[in-house]
Ligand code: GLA
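In structure tokens, one chain follows: the form predicted on its own.
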Amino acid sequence: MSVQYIEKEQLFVLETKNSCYQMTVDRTGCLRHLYYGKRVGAVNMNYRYRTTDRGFSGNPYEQAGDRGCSFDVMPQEYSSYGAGDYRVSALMAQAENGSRTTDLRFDSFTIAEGKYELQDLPFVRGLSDRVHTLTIRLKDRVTSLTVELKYGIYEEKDVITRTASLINDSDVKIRLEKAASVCLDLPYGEYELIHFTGKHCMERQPERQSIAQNIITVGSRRGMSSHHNNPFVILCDPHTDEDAGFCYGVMLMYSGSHKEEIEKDQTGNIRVVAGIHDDGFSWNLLPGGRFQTPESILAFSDEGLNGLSSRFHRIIRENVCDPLLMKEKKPVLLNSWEASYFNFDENSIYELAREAKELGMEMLVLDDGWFGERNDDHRGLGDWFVNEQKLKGGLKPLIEKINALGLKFGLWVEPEMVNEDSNLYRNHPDWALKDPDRLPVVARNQLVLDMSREDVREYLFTCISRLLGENNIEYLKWDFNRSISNVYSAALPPERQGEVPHRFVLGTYDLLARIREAFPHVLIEGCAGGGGRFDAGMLFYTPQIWCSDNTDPIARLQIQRGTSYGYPVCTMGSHVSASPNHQTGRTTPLNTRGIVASSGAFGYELNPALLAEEEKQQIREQILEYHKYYSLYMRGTYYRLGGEELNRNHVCWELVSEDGSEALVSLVTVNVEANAHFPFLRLKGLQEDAVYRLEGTDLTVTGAALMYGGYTTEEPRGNYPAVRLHFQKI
């Protein structure tokens, strides 16, 4: 069994295929973290711990004579504020008398087969995996606040999930002021932090830094996981690279404001606390009430960062994304946005569809501008009825004509937003988030609907259900084009306004869940001005997310590479767009644009009528190749290839079939040099003794030769050249 409790030692041992996680209940009743790392066998890792008097580190009252016993230096499983641990805490709660001290001690535990599920929040599905659930209950004896820590152990997939439930077992209200999902203490060793920062049109750029005795905070206060800091952090040994070394990943399944705190304390202990951002957060936990924190995903690798990525890729691909939609083949689509923006009618959209079909595409997606009085971004959001001045006769006849071409049809929506210039806002101004007697902040000329309100969600569900029920729409692009401010709900009393940020996220999840249940075969692509909500929480409902509004392939190399540390290729919406690029003005070859975009959920965002016949033929060939390698893009093991020299001028990645019989290598040169070194790379994941043929050549070579001897490509020439190599076992 992947979970053991050794009663004599009060020891919990959680084991996956390659990792071990240990906890113990010490003599004070504190649940102490002992170890997370490579499997170590039947060894109680408590032997590593030594205690001494640490100055200014107080002692539990019942252990006042033992100055070496202090919560301030003890590795803990779920830290709380006020009881002598001065490091970052996972929990802060205020009792009815105003006290903010919480002292959690062990109460009980259960072990069960199967994976726990969460109500109202996304979670890692159990499906047919061999999973066990460990539940540990901690209790504050004074306030009767109980914390249920749940662990899901995916033995074969090398992943552990964590979440915390806070339960008020008293007869008075308790106010939660911080409720994190996970606290992870790593007591020994030197670590560096990798986190993923950025901005709109340049998301998820990895930053690596050493950790000094300090507190590093990563997060978002924007009401969304954000373009700026992804809810995913990595701790690694300073010598860890892509292929070797110890590393740990902590990923929060949450799409709202989040906070990851990384602290190195006076003893060298590293603590990571991750969860809902506590700025502006509070929750009134009534007697008998329960507050559920979002789930987090933990993974350990001793095979470097590629090994860590593969664990996250597999669990997201197979257990987070909707398995029904993951079984269905994703269509190659043409999105209308960069082809026409707001300037279109039913005839021009039909012409786009006709051109798309002629090139071998499979879906036409009508983007912003089809509804209300929406001729620009100043008006119309919230009025989800067809603008018949643009689309004569409505959507249905247009969709029927497009379907008659043999194409599917998709539609853009932005349900959580509203313009002041809309019928919805004029009729229900109180449905928008805004402070009383204060002018609201506007962004992109829009306000944010109060998704915590049931009447708002019911209106949106009715509108979207009507669209999907009356029309053959097989895809929704679900956008979210501003950060949230003025977080005040007209539907809640003053003392509950701190609940609004989290209730907003719960409301979005509720609406998505209802639509998914009512229309299970409709593919929803998440979007938030591109990658502003690219997180595992959204992937539970939307199995692909528009990776970035920046479609420049050279910029996309870095965006998609950064995204790949935590998220699989199949979740990244990626399109071939026009050249010069609309965001950067850069000119790149169509071949390079195709190679970059095909490492994702593939499509096009341009006007085919403006292409030369030679370019059209090239697109036909790109689409045929995408279908040919589809299984590798969707299910292949992903490796970031390269060393210092290769990475200076090139970006290279590889996708390998699960059995290692097939590999697809892509290389883009971002800096062409005169008299340059030939690009040299070593492949990964092949069968050593197997013989592979390089497609299009007579070259046959063993897997061992490709992995250890490597492969040298031709000298790159021209502007941003790219090459794709397909190796097949013979």
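In this text, residue numbers run from 1 along the sequence as written. Just so we're clear, the structure is a prediction, and the values are computed from it rather than from any experiment.
The protein also exists as the form predicted together with this ligand; that form is not presented, and the subsequent description refers to it.
J.: So which stretch, 287-295, 128-136, 523-531, 91-99, is the one near this ligand in the predicted complex (non-hydrogen atoms, 4.5 Å)?
T.: It is 523-531 that comes within 4.5 Å of the partner.
J.: In the predicted complex, which of the listed residues (Ser485, Asn481, Thr197, Asn387) lies with a heavy atom within 4.5 Å of this ligand?
T.: Result of the distance check: Asn481.
J.: Of the options Arg204, Lys477, Arg311, His502, which one has a non-hydrogen atom that comes within 4.5 Å of this ligand in the predicted complex?
T.: Looking at Arg204, Lys477, Arg311, His502 one by one, just Lys477 meets the 4.5 Å heavy-atom criterion.
J.: May I ask you to state whether Trp546 is within 4.5 Å of this ligand in the predicted complex, using heavy atom distances?
T.: Yes.
J.: Quick one: does Asp368 come within 4.5 Å of this ligand in the predicted complex, counting heavy atoms only?
T.: Yes, contact at 4.5 Å.
J.: Given that the partner is absent here, does Arg444 sit within 4.5 Å of this ligand in the predicted complex, heavy atoms only?
T.: Yes.
J.: Would you classify Trp337 as touching this ligand in the predicted complex, given a 4.5 Å non-hydrogen atom cut-off?
T.: Result yes; Trp337 sits at the interface with this ligand in the predicted complex.
J.: Do any residues of 401-422 have a non-hydrogen atom within 4.5 angstroms of this ligand in the predicted complex? If so, which ones, in sequence order?
T.: Result: Trp412 alone.
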